[in-house]
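Just one chain is shown here, as structure tokens, and it is the form predicted on its own.
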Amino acid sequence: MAVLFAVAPWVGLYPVFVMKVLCFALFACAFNLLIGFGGLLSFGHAMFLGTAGYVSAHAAKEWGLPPELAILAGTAASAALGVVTGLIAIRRQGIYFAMITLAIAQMMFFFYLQAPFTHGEDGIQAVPRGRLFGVLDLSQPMAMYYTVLAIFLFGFLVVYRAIHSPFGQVLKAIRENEPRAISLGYDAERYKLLAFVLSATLSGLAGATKALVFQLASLTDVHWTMSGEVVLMVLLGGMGTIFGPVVGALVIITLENYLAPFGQWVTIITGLIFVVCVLAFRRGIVGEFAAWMERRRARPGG
């Protein structure tokens, strides 16, 4: 995967398009950590993406912070919001948890709509990319591209390590049977809170990076439809798989990019693809592929 993304700009793919895929892939991986391995469905994850975008853009444009500090500021803001939201929502389960996250996300949306520093519907525009560590000029497309790739790979490896650690195993045990995990002595609420905060932080990292890539922070990233879009990415790619969110983000962003001339029909086409996915291969693209490989290996002589 790293090699494919590294050579993508050199084989005819537009760097800005691939950077958008990378940002949303990181966002989807962060969300997958929560829903795929923690069993927690959040309908408000866009608030972490958008919060980091606004803080990062404001820090870079108004405070004059270099890009690395602007990204850290946005990520830290989302982490703090994740702690507050998690402490409120984590005590509930199922649809109640989802509705609490959605309600808080809507509150944040209206806050950003009215807050002076966000400039309302205009957003924060012309965000300077600056120089990374005072050396690397991010106004150069390829320098920005490989910086985004490095950030994505860092976030991806954090998710991968978390999943394949004792923490990840306990998280999966809580997802499968929370009362049993509690009976074994694990503090389920603490583990779920840690997963929620980690997911929020990585979502913020994706949002802060996206704001610098497009030099824009807008209400689109905090709208409830963005929360629905990341759910679609994870389910389409394969919930609970490592590479599923990346594939899902690639498919959805590609569809939105190449079907843009159809206008509002893009939403209908995407919805139809989602329905077909749920009915035909409920484990997602990567999940179904992995299951097919398992069946093939299980055959005599396979």
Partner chain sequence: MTEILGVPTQALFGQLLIGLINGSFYAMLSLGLAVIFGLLNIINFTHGAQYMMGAFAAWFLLNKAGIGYWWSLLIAPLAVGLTGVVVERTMLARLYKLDHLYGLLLTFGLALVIQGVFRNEFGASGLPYRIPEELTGGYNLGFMFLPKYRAWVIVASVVVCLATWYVIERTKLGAYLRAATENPALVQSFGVNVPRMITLTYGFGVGLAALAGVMAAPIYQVNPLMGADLIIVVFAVVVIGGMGSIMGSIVTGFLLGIVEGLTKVFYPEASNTVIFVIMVIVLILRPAGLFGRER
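Residue numbers count along the first chain shown, from 1. Quick caveat: nothing in here was measured; it's all calculated off a predicted structure.
A second form of this protein, the form predicted together with its partner chain, is not displayed here; the remarks below concern that form.
Legend entry - Three-residue site R91, A103 and Q106 fully in contact with its partner chain in the predicted complex at 4.5 Å by heavy atom: The answer is yes: all three residues contact the partner (heavy atom, 4.5 Å cut-off).
Legend entry - Selected contact from A98, L72, L149, V213, since only one has a non-hydrogen atom within 4.5 angstroms of its partner chain in the predicted complex: So the residue touching its partner chain in the predicted complex, by this definition, is A98.
Inset, instruction - Sort through V247, L65, I253, L235 and report the residue having a heavy atom within 4.5 Å of its partner chain in the predicted complex. - result: In short, L235.
Inset, instruction - Specify the contacting stretch among 224 to 232, 152 to 160, 185 to 193, 130 to 138, defined as having any heavy atom within 4.5 Å of its partner chain in the predicted complex. - result: Going through the listed ranges, the match is 224 to 232.
Legend entry - 4.5 Å heavy atom contact, F243 to its partner chain in the predicted complex: No, F243 is distant from the partner.
Legend entry - Interface membership of V278, its partner chain in the predicted complex, 4.5 Å heavy atom rule: Taking the distances in the predicted complex, the answer for V278 is yes, it comes within 4.5 Å of its partner chain.
Legend entry - Contact test in the predicted complex: F43 vs its partner chain, heavy atoms, 4.5 Å: Answer yes; at least one heavy atom of F43 falls within 4.5 Å of its partner chain in the predicted complex.
Inset, instruction - Let me know which residues along 257 to 273 have a heavy atom within 4.5 Å of its partner chain in the predicted complex, or say none if there are none. - result: Contacts from 257 to 273: Q264, W265, T267, I268, T270, G271, L272.
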